[in-house]
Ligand code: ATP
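One chain comes next, on its own, written out as structure tokens in the form predicted on its own.
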């Protein structure tokens, strides 16, 4: 089997190796995706040339991982990562090899890789596909299968268990049964993987076309309860009422709508976690026997912050997702005043408000696909048509020295007054001038002291 040439620059790159008596192969995800007709410009190469040989035949070479045989070649405006054929042994930390040895055989090199579909190689130049592990068969049948003994592959690198789930989400593939059983048996080893790597795999899974497939594999193998125990706790928590799914199923359905719409990671994460507090907030209604989940939005934002901090997401990312979760339970009606809309924008943050609307819409459609989007659309129209509102205390037309002049000092009362002034201006924007705000403050203090 042959695949289309990766490009003129790659062919010229391969010819340099050939002219110097070495072989070069394209390996990994680029070959897999090319065979599937998917785009992938992330090229990895392997060669029988030693790193010193590569440094000799090319002028510009960066020793990015030379201890493990990897260098990056700068060639004709491109960067090409090249690794010498190697074998690995002794994974004492279940993550990194204790010993790396260079070998002369491509077949020996491919044995150390994770899954059959990632162990395909293309001979360059010539574009002939080499398949020593029946990876092409697994591509045809849509299977993710470990090379050799699954327990050995996952003991070498525990992150591979999450990678299997991620590939299922990206490719819409099934995980082969022996591989799946090995993940279940060794899922506890995921604790050996750094938090950053786990968060990265989780993010890539959420950004896939079929994220729920990957998450469900995590749940059934025991990985989810170690990575996102809060989401695992949502499984089996019934909601009744309008809901046809348990909390876990509803969260996944909301996430899938976000994936179908190609929404960014912040929105997908919020869709996954928006009801994360429902197991803690559930109580039975005395009137009809249905469940209520009072305050699950506010509590959910607190739990979401704890999760994202634990997984070491950035502060900006965490703040954004928490704002979406905290504000997703609004119920707009046409009798909302302009002041109510301004307060809504202020609560959400003007930079978040459009995403809050999208999250609410996905939440509704996950409950019932024919949910009426009119209220959300009308609210969006009113928000878009409003003049720029005052949304934060920092935008008030009064300064710290103005309050100090009234005998106030920075502290709880100082903040209390500023928040009170903000609420007045959100209702009546014309009050946002220094004289009016000072007068309101004087009256507030008089009434407070009575």
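Only a predicted model underlies this, so the values are computations on that prediction, with no experimental measurement involved. Residue numbers count along the first chain shown, from 1.
There is another form of the same protein, the form predicted in complex with adenosine-5'-triphosphate; it is not shown, and what comes next is about it.
Residue-level contacts in the model of the complex: of 216, 157, 131, 297, one residue has a heavy atom within 4.5 Å of adenosine-5'-triphosphate, and it is 157. For the options 250, 163, 305, 380, the residue carrying a heavy atom within 4.5 angstroms of adenosine-5'-triphosphate in the model of the complex is 163. Within this chain, residue 114 lines the site of adenosine-5'-triphosphate in the model of the complex, having a heavy atom no more than 4.5 Å away. Contact check for residue 44: a non-hydrogen atom falls within 4.5 Å of adenosine-5'-triphosphate in the model of the complex.
adenosine-5'-triphosphate is not shown here, and in the model of the complex it never comes within 4.5 Å of any heavy atom of residue 127. Contact annotation: residue 51 falls outside 4.5 Å of adenosine-5'-triphosphate in the model of the complex, judged by heavy atom distances. With the partner left out here, adenosine-5'-triphosphate still marks one of 64 to 72, 400 to 408, 36 to 44, 414 to 422 in the model of the complex; by a 4.5 Å heavy atom cut-off that stretch is 36 to 44. Applying a 4.5 Å heavy atom cutoff to adenosine-5'-triphosphate in the model of the complex picks out 28, 29, 32 from 14 to 32, in order along the sequence.
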